[in-house]
Every structure is written in structure tokens, then in C-alpha cells.
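First, one chain by itself: the form predicted alone, in C-alpha cells.
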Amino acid sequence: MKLLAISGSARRDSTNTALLMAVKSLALAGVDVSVFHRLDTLPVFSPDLEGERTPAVVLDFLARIAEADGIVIASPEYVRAIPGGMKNAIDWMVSRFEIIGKPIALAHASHRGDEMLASLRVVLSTVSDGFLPDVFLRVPLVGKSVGDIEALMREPEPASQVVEFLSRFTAAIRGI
């Protein structure tokens, strides 16, 4: 099974990216997790750039989505909202086939951000009827360095949270 984990942060030392890297490192047997953390490379969405004019970097991103059996999104909140880069990536998917019916689950690296998560849930349930609102991972990592996160995620409690999340997500995918 292939999962694509998308970080909604363009920050080099992002806690969300670090969380997704931990998800990758704790992947279950038979589950391949790849992490996409370069939303900053996607141009601003424009309907004028769809079809034959779609930029190669967007086509590559959409191909990764198409190849995945499921998607995990971990995004920070910016000013109580979805970050522009994350929303832009979703905008590139809206009029395409790759996301339709695709199982999607959320992970979150903060103890706050519930308004952004509520908004992201609305958006994702609009673009994919495969969005799974009840499959959710939250590990509060705000203020921790990438190295601290790597060490913390090897501890039994957070590691078991990730394994449980992946078990629920992969079971849901198999059931769809």
C-alpha cells in the first residue's frame, strides 16, 4: 500500500514535516509512506494553467497523488486558517480526477489549530468523498526541534499513537 504524506508547511524545520517523517519511519509492514514537503514549489493556481498548460511540477505532484492509495495531510494553522500553500495545492486538485474518492486522513503537530482543522475538514470533504474525518492523529510538537521530535516519536506512547493511526487508516482504505 502506498501512502502520500503531504506537509502543509513550507518551513525547512517544520514540525508537521517532522511528524510525517516519523509516520514514515513507523510505517507498518507492507505500507510505503512518501513525504511531500515542497508546497513552495507549486505555482499559484490559475484556471488558465490547467490542461495542456499545467506546469510540470504540478503534474508531478498530481501523479504522486494518483499513485497513492491514500493521503495523509499534516498542516499548521496560519492566523487561524489553512496556510496559503496548502490551500493552493488543494486548488490544483479541485478540477482534476486524482483526488476524487481518494482516502484522506489528517495528522496535526499542535495542541491548537482547531479552527484551521475545521476549515480543512470542510475543504477536504468537498474535494474527496474519501475523506475520513474520524481517522486523526494529533501529537503536540510545537516548540520542539526536529531532533527533539525524532527522539520523542521513538518513545512508546507517541509511536503507538502513530501505529494505531496507520492501522485505522490502512484498514479504512482496504474497506473502501
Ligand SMILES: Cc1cc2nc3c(=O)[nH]c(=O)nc-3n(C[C@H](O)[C@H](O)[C@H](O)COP(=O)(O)O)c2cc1C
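Note that the structure is a prediction, hence the values are computed from the model and not measured. One-based numbering along the sequence shown.
The form predicted together with the named molecule exists for this protein as well; it is not shown, and the discussion that follows is about that form.
Shown alone here, R11 lies within 4.5 Å of the named molecule in the model of the complex, counting heavy atoms only. At a distance threshold of 4.5 angstroms between non-hydrogen atoms, G130 is out of contact with the named molecule in the model of the complex. R121 falls outside the set of residues with a heavy atom inside 4.5 Å of the named molecule in the model of the complex. Within this chain, G85 is remote from the site of the named molecule in the model of the complex, having no heavy atom within 4.5 Å.
Considering the named molecule in the model of the complex, the lone stretch of 48-56, 105-113, 62-70, 29-37 in range is 105-113 [heavy atom distance within 4.5 Å]. If you take 80-103 and check each residue for a heavy atom within 4.5 Å of the named molecule in the model of the complex, you get just R80.
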